Every structure is written in structure tokens, then in C-alpha cells.
Ligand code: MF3
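Shown next as C-alpha cells: one chain only, the form predicted on its own.
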Amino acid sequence: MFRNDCSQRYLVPERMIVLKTSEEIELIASASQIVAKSHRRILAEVKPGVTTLELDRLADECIREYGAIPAFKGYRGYPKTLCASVNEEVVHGIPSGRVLKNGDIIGLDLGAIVDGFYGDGAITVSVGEISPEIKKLIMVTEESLQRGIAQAIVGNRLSDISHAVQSYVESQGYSVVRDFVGHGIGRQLHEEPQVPNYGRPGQGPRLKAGMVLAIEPMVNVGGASVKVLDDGWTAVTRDRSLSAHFEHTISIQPEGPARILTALKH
């Protein structure tokens, strides 16, 4: 995801937003399905006693086995294939020898490249048994993503997505992260426009068929503020409250609802 740049949040000229052809969208969809299939295999291995480095190795194996290239490894110097963010880690947790414990939650963010086009997705899951309160955090974050996607239709404004996420999250007593935002995606992992998870409705570019976006709410139990640790990547909540993260890559259709490219096809 982009670091938030408030100065250009909704001011990006529409000419800077690259509309994709149907052929390009199918390549993004292929990459996105590899993300979804890799998530399914990684999820089956999330359990107490597993290290985040073991999950990273599996992610790398899966993506390559499906014929794609890991999108994150080496991107701007990031050292791993998977972002594995545990508990108070919001995003960009670097896999390591950290052992997962019963009651943890972990965000699993990964990307894949197929024929030069990117797919990107994230899920947050439990490790063993978690409390009803933590289950609610995960459920609200995932639902906020669906509410944002529901606004991704031709004729709406970009901030209609943002407002749908924020209004639902805050109605449930949580806060949305503002330091990191979603983004356009295609031949580059991060393209215009930025897609914040907060804002007033009716602002920014009109949504058009051919736009492909990675929408990704990051939701905290406590305050919205985060900080990046000394490793230069791992972002944590300043108050050390729990955080959850979900992301789908979607394409805006000429008519009707958005197509969720990272939704797993059975």
C-alpha cells in the first residue's frame, strides 16, 4: 500500500489513472487468483508453533509453483515474499523466527506478478482460539472492505469507497489507519489513485470502467496512529492495540458491481 500523501489524496488528475483493457484485466485476474490460491494454502498452515518465516517460505513456493513471480520480494528493498503482521503489527511485518502462539492474529499480505501484471491481497486470521472481541475486530475489518467494494461502481467518486469504510468501522467503535492507503494496480504494484480508508463522500475522480484498485482497510482497536519500527518496514499501532487488515484487488465494470479479482474461484 501507499504511504498516505494527504496533499494529493483526491487531487490526482484523471489522466494519471491508467484504465486497463479487458486483456490486461484478465492478466491481473490471473495474478490475483494466484494470490488467492496461495492464501488458501498458507491459511491451512497457520497454527501455534509455526514461525512466520515458515509461512513466508510456503508463500514463495506457492507463487512460483503456480507460475508467477513474488511481487513483494525485493520491492523497494523488502526482503521477503510475505508480509506477516502479528497482533499490534498493522502492515509490513517481516517474516522471521517468531513463533505464533494460541490467541494471536496475523495479517497475511502478498502479491504475484503474471506476464508483467500484478495482483495483491491480504487477509487476517486467528492462530488457534481467540476471544469474541478479537473475532469482532476481524469480522468488522472484512465487512468494511466489502462495504468499500460495494461503492466501486461507475459514476461514483473515489471517496465514496473511503467514506463507506470509515463510517462502518467507526460505527463499530474502531479506528481506521490513515498513514497507509490502498492504490491503483496494474503494470506496477502501486499506481494512481491512492484509495484512503477515510474521507467525506463525493470527492475525487469519477470511477470508470477499466479502473483496477487494491482496496485495503487497516483497522485498529485503539487509536488510528501508527509508527514504523527500526527495521524500516514493520508498522505497529502506537498504543499497541490489535490491528486487522484485509485487501482485495478489484476491477470496476461497465455495469453493475465491481469484479473481485482476488476472490478465490473454486
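In this text, all values refer to a predicted model and were calculated from it rather than measured experimentally. In case it trips you up, residue 1 is the first one in the sequence shown, and so on.
Here the subject shifts to the form predicted in complex with the named molecule, a form of this protein not shown in this document.
Quick one: which of 74-82, 166-174, 150-158, 192-200 gets within 4.5 Å of the named molecule in the predicted bound form, going by heavy atoms?
After filtering at 4.5 Å, what remains is 74-82.
Counting only non-hydrogen atoms and a 4.5 Å threshold, tell me whether 109, 120 and 183 all contact the named molecule in the predicted bound form.
Looking in the predicted bound form, the three residues 109, 120 and 183 all sit within 4.5 Å of the named molecule (heavy atoms).
Contact with the named molecule in the predicted bound form for residue 92, defined as at least one heavy atom pair within 4.5 Å: yes or no?
Residue-level check for residue 92: yes, a contact with the named molecule.
So in the predicted bound form, does residue 56 come within 4.5 Å of the named molecule, heavy atom to heavy atom?
No, residue 56 is distant from the partner.
Going through 213-252, which residues have a heavy atom within 4.5 Å of the named molecule in the predicted bound form? Please give them in sequence order.
Contacts from 213-252: 216, 233, 247.
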